[in-house]
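Next up is one chain by itself, shown in structure tokens, the form predicted alone.
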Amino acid sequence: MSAQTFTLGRAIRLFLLSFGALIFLAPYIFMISTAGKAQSDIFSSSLSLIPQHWSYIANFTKALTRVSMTTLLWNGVVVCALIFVFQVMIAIPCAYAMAKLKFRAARLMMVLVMLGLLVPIHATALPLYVAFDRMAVLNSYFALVAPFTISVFGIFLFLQFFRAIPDDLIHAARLDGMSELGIIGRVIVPNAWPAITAFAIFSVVAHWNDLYWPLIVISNQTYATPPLGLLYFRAAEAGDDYGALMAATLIITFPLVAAFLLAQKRFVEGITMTGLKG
């Protein structure tokens, strides 16, 4: 009886997980299907995932030739890497100070971090744009990177992780004569790689897919990021080329999927060892 109950429960869990996976994969399946269709198939009255006229080669050729895909991908890598490096360099010392150092403003700093999580980029977009325009730094990597160098989410995530590090380990390092920066570099960071990997996934995905801010500060295709490059497939007169658009979207999203699959184990480990465990 217990074996039957276990089998039934396992089957139900498997069905629910498969159904949830299908829902999350449905947009990607639709993109793969549309990337291989001609315009006549896309706008036909019947809905079919299998293309009637296979146009993968034509659509991917358009995606690679209509815009400089290598420039878009390179800009995405540069912007995401710079943002992530600056965020980690700032967030780790801040989180360490709040978690392991005793000072009067610690509680106030925690309140400010929580309030910072509530402020979206949309609230500061106008003053930042005016400031960058007066500084003449629009259409540059600086304009794309500077507003995101401080991540309150990163500070909060690392704070929860650092609180779980034993205080005895910090005291032993101080007794060995290490400075606070030395402790961060030689004790904290080597033990924080799961949290750093988890934060890297959040940071890279958020800024790789960001369209709002690049659309405001970038008008030169030389500095266009991947989501902004997708807008170049729009044509008011000829109509949108959805086949080439979906092919370009697959090319742009592939690095994210590959990075997540490679870092999946570290990502799950980092999440379970930070604040989400309670």
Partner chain sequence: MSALSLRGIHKSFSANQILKGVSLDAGENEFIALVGPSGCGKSTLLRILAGLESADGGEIVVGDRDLSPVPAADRNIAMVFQSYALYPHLTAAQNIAVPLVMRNLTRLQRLPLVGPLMPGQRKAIANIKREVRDMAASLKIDHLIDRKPGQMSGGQRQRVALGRAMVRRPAVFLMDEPLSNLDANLRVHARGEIVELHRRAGVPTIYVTHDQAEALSMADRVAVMIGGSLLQLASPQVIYDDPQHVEVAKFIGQPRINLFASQAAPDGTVAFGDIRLRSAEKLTPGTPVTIGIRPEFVAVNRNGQHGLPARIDRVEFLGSEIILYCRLDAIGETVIAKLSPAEGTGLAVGMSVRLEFAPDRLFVFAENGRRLPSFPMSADVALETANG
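Residue numbers count along the first chain shown, from 1. These figures come from a predicted structure and were not determined experimentally.
Below: the form predicted together with its partner chain, not depicted.
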property	result
Any non-hydrogen atom of L169 within 4.5 angstroms of its partner chain in the predicted complex	yes
is_contact(M178, its partner chain) in the predicted complex, heavy atom dist at most 4.5 Å	yes
Exercise: R163 in contact with its partner chain in the predicted complex, heavy atom 4.5 Å	no
Close approach of N139 to its partner chain in the predicted complex, 4.5 Å, heavy atom	no
Position in contact with its partner chain when the complex is considered in the predicted complex, options L159, V79, V187, I196, heavy atoms within 4.5 Å	V187
In the predicted complex, residues of 98-116 near its partner chain [heavy atom within 4.5 Å]	K102
